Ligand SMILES: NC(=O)c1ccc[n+]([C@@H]2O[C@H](COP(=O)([O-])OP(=O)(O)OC[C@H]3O[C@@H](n4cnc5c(N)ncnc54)[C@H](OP(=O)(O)O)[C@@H]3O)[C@@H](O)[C@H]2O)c1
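In the block that follows, a single chain appears as structure tokens, in the form predicted on its own.
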């Protein structure tokens, strides 16, 4: 192969209209210069948070990606050429590169991870052992300090981060309730993941169902925001903790959202509300991976994959994140 296909961001998409915002382009395979690494991508990780990268907002957690250039995201692949002292040809790596056959990156110590190839399913480096796993573990253990016997609520519970948050909370010894958007997902959460209660927000009154949780919610791991977050406030236990991981309910509108009408419950119930990003804790990655690997090898956590084949089908796979058509981690296999 002498050419490289890549997805070009032509303009910021409106809503979920990705087809008119991107185009699949072809160029020559780039040659790395000093400090650069060329990676042949095996898998692309598709993540809802990258939706904020393709808006014009300058006050988000990531600067807007420039239009006219390649779309950027997390990938898993093998080094085919390196002019970086730490990275060798042939190594399996995970890093932020391009939605492309080949990624050209200039890594620093935190952004490129050389991977242990003893993991039997290497996709798990984008799943249970990836940033979704890091995020779930950080949010529950380091931010919320979940304790055995507490009650944990997880929104978007059938998504990649939500599934892992449910399993990690259960492993810690908490009671776990999940919110998802279909009966199929709720059945999966109950029968395959083993949570204690599930709510289909499309067919149930979320606030009413949350009111049935005995003793209230000690920790809410929120991936959604919007009306789901608002519904949770009155049903938090005294001194409860809300960790805000994502606001997928508002991504299509550029992430803008109004404040919750039940905001007063923060005072009434002495709640702690904290947003966090796993990228703030990249230096902890090795320790996080070791804990997640122990649990994965012990059968305590797992990650199902929604896998699409072919770079040309990336946009169809990406749209699943915003239409609720996936269970688990959405990836593209090249």
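Every value quoted in this text rests on a predicted model; they were computed, and no experiment measured them. Numbering follows the first chain given and starts at 1.
Here the subject shifts to the form predicted together with this ligand, a form of this protein not shown in this document.
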Between 71, 236, 168, 224, only one gets a heavy atom within 4.5 angstroms of this ligand in the predicted bound form; which residue is that? 224
Exactly one of 77, 130, 97, 246 has a non-hydrogen atom within 4.5 Å of this ligand in the predicted bound form; which residue is it? 246
Exactly one listed stretch (27-35, 40-48, 283-291, 62-70) reaches within 4.5 angstroms of this ligand in the predicted bound form by non-hydrogen atoms, and it is 40-48
Joint contact, 178, 188 and 218 to this ligand in the predicted bound form, by non-hydrogen atom at 4.5 Å: no
Using heavy atoms and a 4.5 Å limit, would one call residue 278 a contact residue for this ligand in the predicted bound form? yes
Although this ligand is absent from this view, report whether residue 151 comes within 4.5 Å of it in the predicted bound form, heavy atoms only. no
Contact label in the predicted bound form: residue 322 to this ligand, heavy atom within 4.5 Å: yes
Consider residue 251 of the chain shown here, and say whether it contacts this ligand in the predicted bound form, taking contact as heavy atoms within 4.5 Å. yes
Determine the residues of 132-166 with a heavy atom within 4.5 Å of this ligand in the predicted bound form and present them in sequence order; the list may be empty. 132, 135, 156, 159, 160, 161
